[in-house]
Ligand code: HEC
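A single chain, nothing else alongside it, follows as structure tokens in the form predicted on its own.
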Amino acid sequence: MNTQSYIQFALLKLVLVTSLIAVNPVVIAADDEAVSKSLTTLFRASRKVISDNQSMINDESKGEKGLSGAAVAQMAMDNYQKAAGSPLAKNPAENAMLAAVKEVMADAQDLINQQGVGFKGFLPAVFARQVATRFSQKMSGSMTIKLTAPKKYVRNRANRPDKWEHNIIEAKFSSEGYERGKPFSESAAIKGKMAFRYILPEYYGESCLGCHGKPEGELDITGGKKEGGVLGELGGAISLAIFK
């Protein structure tokens, strides 16, 4: 091989190597992004089942509510399809979340089917926290999901945002120019371990204001103090991590 051919070959090799280095992280990030979007959509879709059936759950005159684990999982998948525009793929992580939903609902049957008791404390946020805990356990440290919120709106200390979540909520989601509903993701460390982090903002809807609306400081049905939130205000976030 003459000198000119060698130089051409070396340049071609450099271009190919550089391309691979540039492309591979994009592919991986795209996969992580898709998984995160699907899981957070399913998480929301599952919680919506409880929100939609809250009045029935609190109906003291009604016994069996028809909210078995299998029934709620199916309704969650129906909600997912409406939100995503396509059926749930049911990859291992999604199956783990559906299993968590079924287990939480199985454990809650005696409570939600109890007659003679109105408010039972089985709220969408309680359900979601229990599902998040079980899902994270099932993923054996490879993935975690949690509900969090601006610090002023966090009631359960387990849901307090970590430093990364707090910074995204305050610097991005709360800023005037940030696109409403747009998730944020990046690679960031959690206690020294690298992870793909994905966080999705959530805003107060009508169903939220009974507990989190006005007047601020008034006791809600749970006995907690209302935060004084208003319709459409940033009230929380779903945070997911995929560890590397």
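Treat the numbers as computed from the prediction; the structure is a model and nothing was measured. Each residue number is its position in the shown sequence, starting from 1.
What follows is about the form predicted together with the ligand, which we do not show.
This chain lacks the partner; the member of Lys102, Lys172, Arg129, His166 within 4.5 angstroms of the ligand in the predicted bound form by a non-hydrogen atom is Arg129.
Proximity to the ligand in the predicted bound form, taken as a non-hydrogen atom within 4.5 angstroms, holds for one residue of Ala108, Val72, Ala149, Met143, which is Ala149. The ligand is not shown here, but in the predicted bound form it comes within 4.5 Å of a heavy atom of Asn156. Proximity of Ile112 to the ligand in the predicted bound form: non-hydrogen atoms within 4.5 Å are absent; the residue sits far from the partner.
When contacts are judged by a 4.5 Å heavy atom cut-off, Arg197 does not count as touching the ligand in the predicted bound form. Interface residue remark: Cys211 is counted as part of the site for the ligand in the predicted bound form, having a heavy atom within 4.5 Å.
Stretch 214-222 is the answer when you ask which of 33-41, 180-188, 64-72, 214-222 has residues with heavy atoms within 4.5 Å of the ligand in the predicted bound form.
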